[in-house]
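Next up is one chain by itself, shown in structure tokens, the form predicted on its own.
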Amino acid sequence: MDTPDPNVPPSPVTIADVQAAAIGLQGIANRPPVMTSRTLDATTDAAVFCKCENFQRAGAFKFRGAYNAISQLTDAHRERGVLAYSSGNHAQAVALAGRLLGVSTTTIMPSDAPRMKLKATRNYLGPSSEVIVYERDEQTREALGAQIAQERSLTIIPPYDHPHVIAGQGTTALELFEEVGELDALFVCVGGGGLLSGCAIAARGVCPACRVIGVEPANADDAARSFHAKTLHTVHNPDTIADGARTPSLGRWTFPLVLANVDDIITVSETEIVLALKFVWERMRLVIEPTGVLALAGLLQIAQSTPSMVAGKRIGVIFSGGNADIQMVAKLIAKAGA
């Protein structure tokens, strides 16, 4: 399936789609470990299981959806190539998946994308592939991507709003449930909603009693506002250190899936993100990027504000990626103090 026709209403992505994606990713995607922390359990008074997608290929869960989507293109569309737009992790994932599948990729990235993500994307590029850098303040990635895709007859693989991308991302939670069994709650970061909707579909399919909670930056709270108002809200270039959550809105596919399968979406402050980042780096010894700790920041917030919601429960947390700018993280942690 190619980019969905905007004139055709999306049909739901199902647990069968997620399970099919899992089969297609076997032996190709990594199966990252689930890690625990006695300190984290004591802090939350819960049994917490962290799915570490920082150990995924290309350093984030995005590889799952990118590979699943590109692998299902027709031969004709593979021959012409694909286009992606991303601040970093989806860009790296598409570049790597394209190289593995022998498909040329054109990736559009903002000039202010983390330097290491831009460098990594270029390193993953296969033959006849390229990165195009644009200025956020001058044009949108969607408009530029549509223009280039039309000029070059490329198939767009969006970062979240695509059924095969969503199904691929859902394999993250599917693996977590397979490894640790039933959970009372699952915390997942949310930007455009691909990971959240995919994981929620997996949860509904294999552990329907599990509450699924999305977490996004308060500075980029379009998903939370959309979820609670049941009307799509947007945000333009939000100011947050969680660069993976700087998406303008939930998508045509992800918004209805989130409404149908997610129990709540909460927001966390920039300070809460940094404190969660500090915890995983110093106490768990894990290299996680700011976006990657959003789910943990949400759990820590709930454990402090409404402890009865998590006390004595089995809690899942998705660490979505580890493509961190080491110098930037060091500055953030140092600024946070002891």
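No experiment lies behind these values; they were computed from the predicted model shown. Numbering starts at 1 and follows the sequence shown.
This protein has a second form, the form predicted together with another copy of the chain, left out of what is shown; the following refers to that one.
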>> Please tell me whether the candidate spot formed by Arg285, Asn323 and Gln327 is one where all three residues come within 4.5 Å of another copy of the chain in the model of the complex (heavy atoms).
In response: yes
>> Even though the partner isn't displayed, in the model of the complex is His236 close enough to another copy of the chain, meaning a heavy atom within 4.5 Å?
In response: no
>> in the model of the complex, does Asn30 come within 4.5 Å of another copy of the chain, counting heavy atoms only?
In response: yes
> How about Lys119: is it within 4.5 Å of another copy of the chain in the model of the complex, going by heavy atoms?
Replying inline: yes
>> If we define contact as a non-hydrogen atom of the residue within 4.5 angstroms of the partner, is Met35 a contact of another copy of the chain in the model of the complex?
In response: yes
>> For the interface check, one of 302-310, 40-48, 57-65, 266-274 should have non-hydrogen atoms within 4.5 Å of another copy of the chain in the model of the complex; which one?
In response: 57-65
